[in-house]
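Here we start with a single chain on its own, the form predicted on its own, put down as structure tokens.
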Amino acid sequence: MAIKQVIVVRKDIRMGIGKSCAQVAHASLAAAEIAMENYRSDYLEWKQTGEKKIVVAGENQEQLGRLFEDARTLNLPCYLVRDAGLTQLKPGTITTLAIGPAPEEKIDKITSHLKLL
């Protein structure tokens, strides 16, 4: 069973490359910490097999919200990033969503239609 993490980045808001990278990092780390605490065997396998991450484009806030709820319904570790508003965005702006680390087949049920960023 392969384990991966998918990070969804909103493409309808303007973020500089550095800002976007920071948001991806926030999402990835937070979801991994959730997995480490609550899905330990998946987390450990992910760590031992290269920490596979896939970054994809999300259409808008509504899509990220739906994906977040779908991930929760499937009992997947997930984290929705809300920006602090210190630089380019308004406080509370949803920027990214990380799902996993978790089994690929579970994550693919809700993310396989998304295009790579």
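When you see a residue number, it is the position in the sequence shown, counting from 1. On a predicted model such as this, the values are computed, not experimentally measured, just so you know.
We do not show the form predicted in complex with a further copy of the same chain, though everything after this point is about it.
- The listed set M36, L89, L67, L80 contains one residue whose heavy atoms approach a further copy of the same chain in the predicted bound form to within 4.5 Å, identified as M36.
- Relative to a further copy of the same chain in the predicted bound form, residues Q63, A71 and N75 are all farther than 4.5 Å at every heavy atom.
- For T93, no non-hydrogen atom is located within 4.5 Å of a further copy of the same chain in the predicted bound form, even though that partner is not displayed.
- Though the partner is left out of this view, E45 does not reach within 4.5 Å of a further copy of the same chain in the predicted bound form, counting heavy atoms only.
- Residue contact check for L117: one or more of its heavy atoms lie within 4.5 Å of a further copy of the same chain in the predicted bound form.
- A residue is said to contact a partner when one of its heavy atoms sits within 4.5 Å of a partner heavy atom; E51 meets this definition for a further copy of the same chain in the predicted bound form.
- Along 3 to 35, these residues reach a heavy atom to within 4.5 Å of a further copy of the same chain in the predicted bound form: I17, G18, S20, C21, A22, V24, A25, H26, S28, L29, A32, E33.
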